[in-house]
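Consider the single chain below, provided in structure tokens and representing the form predicted alone.
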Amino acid sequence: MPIYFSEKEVVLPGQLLSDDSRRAGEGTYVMDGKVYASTVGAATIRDGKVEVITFKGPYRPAAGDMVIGVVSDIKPIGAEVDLGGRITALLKIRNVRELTSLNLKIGDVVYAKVASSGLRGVFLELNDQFKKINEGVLLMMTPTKVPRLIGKRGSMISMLKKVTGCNIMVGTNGLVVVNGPSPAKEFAAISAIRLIEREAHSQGLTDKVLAHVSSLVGGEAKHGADGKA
């Protein structure tokens, strides 16, 4: 079935995107078997689905999301975690001993999986993916721009890690932790993230980001992208 947009084209609500209703993804709706944009944003195809990446919008928690948050309170039943955007989640524990073993304190930054989200609230899962993040710089980006930071099959975030040498953890809720070998490398990664956030809808963004990082860290960025020492 034909697609009625070019990659990362800015589309408007009600704009026809596809004749195949099976390809409807986030930011779209189906009417009479056709897919239309439900919001203003950049149209793209991800995993065979037509999606519209909105330029602004709050984070909406969903089961399975990996998020970064800040512990805001410790209770007998678990830890409350601030996910940003006035969203607080509860990391439930089985007993006090389990909470003690985590050694969580107010202000600690954690990486966790959303177990459920609904009228009862947002609950985080304590599993092998849970981490307490002890080092790095914490920043917030627009949650709707997170898919652009990650890139198709993780291409953008992988490139950014490689050329800056930084470990970058990204939460679906828009919180990001950058931990690098030097303040200069961390600054380069953070500056690139801000560039991605500003120009998420633009063409040739990967090349722009690489050039930007290269200007900040010099030839190391190009060598890293080429896989050379």
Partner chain sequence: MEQTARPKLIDENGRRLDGRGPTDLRPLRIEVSVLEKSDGSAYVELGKTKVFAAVYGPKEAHPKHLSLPDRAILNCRYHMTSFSTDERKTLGMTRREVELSKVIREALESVVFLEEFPRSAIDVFIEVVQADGGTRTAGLTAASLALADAGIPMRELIAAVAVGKVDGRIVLDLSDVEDKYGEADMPVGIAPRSNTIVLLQLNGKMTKDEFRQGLMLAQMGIQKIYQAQCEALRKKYESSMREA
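Nothing here was measured: the structure is a model prediction, and the numbers come from that model. Superpose the two forms; the largest set of C-alphas matching within 1.5 Å is the rigid core. Positions refer to the first chain, counted from 1.
Same protein, other form: the form predicted in complex with its partner chain, not shown, and the subject of what follows.
Q: Indicate whether the candidate residues Ile74, Arg97 and Gly180 are all in contact with its partner chain in the model of the complex, with contact defined as any heavy atom within 4.5 Å.
A: Heavy-atom distance to its partner chain in the model of the complex: none of the three under 4.5 Å.
Q: In the model of the complex, which of the listed residues (Ala184, Met169, Val40, Met66) lies with a heavy atom within 4.5 Å of its partner chain?
A: Spelling it out, the residue with a heavy atom inside the cut-off is Val40.
Q: Of the listed stretches (156-164, 172-180, 44-52, 193-201), which one has a non-hydrogen atom within 4.5 Å of its partner chain in the model of the complex?
A: Among the candidates, contact is made by 193-201.
Q: Any chance Gly118 has a heavy atom within 4.5 Å of its partner chain in the model of the complex?
A: Flag for Gly118 set to yes.
Q: Does Lys208 make contact with its partner chain in the model of the complex, using a 4.5 Å heavy atom cut-off?
A: Close contact exists here: in the model of the complex, Lys208 approaches its partner chain to within 4.5 Å, heavy atoms only.
Q: Would you classify Leu216 as touching its partner chain in the model of the complex, given a 4.5 Å non-hydrogen atom cut-off?
A: Taking the distances in the model of the complex, the answer for Leu216 is no, it never comes within 4.5 Å of its partner chain.
Q: Would Met31 show up as a contact with its partner chain in the model of the complex if we use heavy atoms at 4.5 Å?
A: Residue-level check for Met31: yes, a contact with its partner chain.
Q: Considering only 40-69, what residues come within 4.5 Å of its partner chain in the model of the complex, judged by heavy atoms?
A: Those in contact are Val40, Ala42, Phe55, Lys56, Gly57, Pro58, Arg60.
Q: Can we say the CA of Phe187 moves by at least 2 Å between this form and the one not shown when the core is superposed?
A: It does not, since the Phe187 C-alpha is displaced less than 2 Å between this form and the one not shown after the core fit.
Q: Answer yes if the CA of Pro61 moves 2 Å or more between this form and the one not shown after aligning the rigid core, and no otherwise.
A: Not so; Pro61 is displaced by less than 2 Å.
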